[in-house]
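Just one chain is shown here, as structure tokens, and it is the form predicted on its own.
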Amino acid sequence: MPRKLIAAAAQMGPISKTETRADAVARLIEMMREAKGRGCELVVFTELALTTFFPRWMIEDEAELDSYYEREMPNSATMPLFDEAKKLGIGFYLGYAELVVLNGVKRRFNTSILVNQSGEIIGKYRKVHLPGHAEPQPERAFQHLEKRYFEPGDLGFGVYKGFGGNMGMAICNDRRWPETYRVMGLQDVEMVMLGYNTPFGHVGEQAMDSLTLFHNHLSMQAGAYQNATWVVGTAKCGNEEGSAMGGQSVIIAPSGEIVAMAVTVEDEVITASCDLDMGETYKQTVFDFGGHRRPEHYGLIVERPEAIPPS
């Protein structure tokens, strides 16, 4: 029997600086209910789903900066989301800014969690590939200070049992790096959940910036195909505090094909019935890692042969 998992990507429109956690959670709950109404067992929310994308600003007041982070999960603000998930019998992926204090030192991570249908956290991931800068760049209309406000994740790319399969997580810029998918692919991942907040114009080179949405899909489709896994990519999008961010949230099959895509830059739920067994054909043929992969050769440096002299 096929292992069918009906999954949703719950795209979010902008979150303003004035919106509270309660405002954001209410929007998430509304989309969760819509997903459940469509028969979903899992809903994938976005990166930093509880606040505006604060790394776009230089924030020098530490108390103000701390206000964007969660010190525990769940907490009083997010408990209604956990309670509703348990009531509905639906699981979710949630991205947020995490602050932990270890030996008196504050540590900050861009984090996601995986919650099962009983409202229990069964997986946690901290973003590894941080984009942007540690110091502000005066020439930029909006900063991208993730390297200032977060440290690279220290939990690796884990794969977790849940929802009838092997589930993995990544966040935003992680999607551009083949290592992200391959590390999970080597653990037989069957679905990768990934939230993102991707602005237009973040590179500053027009030809490249014009391809933002194409590159967004290209990286996720390649990761799905090369590792024979489903990928659910969920955006925060629209014009957020003057910064335009890309949408086109997608659900991608192990074939690399997009099977569902958002068409707005607002709160929007897209769904697909995902056969977790679909990747097996690829894993047994084209991407038979055991049969075809040759890691013992990947680190070799071979000297170039001398050029053949012209006749």
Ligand code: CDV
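Because the structure is a prediction, the values reported are computed rather than measured. Residues carry their position along the shown sequence, with the first being 1.
This protein has a second form, the form predicted in complex with the named molecule, left out of what is shown; the following refers to that one.
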Exercise for review: Note which of 78, 197, 116, 180 lies within 4.5 Å of the named molecule in the model of the complex, where distance is taken over heavy atoms; exactly one does.
Suggested key: 197
Practice item. Quick one: from 86, 202, 124, 133, grab the residue that has a heavy atom within 4.5 Å of the named molecule in the model of the complex. Key: 202
Point to revise | Exercise: residue 146 in contact with the named molecule in the model of the complex, heavy atom 4.5 Å | key: yes
Exercise for review: Mark residue 189 yes when one of its heavy atoms lies within 4.5 Å of a heavy atom of the named molecule in the model of the complex, and no otherwise.
Suggested key: no
**Study point:** Interface membership of residue 217, the named molecule in the model of the complex, 4.5 Å heavy atom rule
**Key:** no
Review point. Are any of the heavy atoms in residue 176 no more than 4.5 Å from a heavy atom of the named molecule in the model of the complex?
Key: yes
Practice item. Would you point out which of 166-174, 68-76, 87-95, 230-238 contains residues with a non-hydrogen atom within 4.5 Å of the named molecule in the model of the complex? Key: 166-174
**Study point:** Interface residues of 45-64 toward the named molecule, as seen in the model of the complex [heavy atoms, 4.5 Å]
**Key:** 47, 53
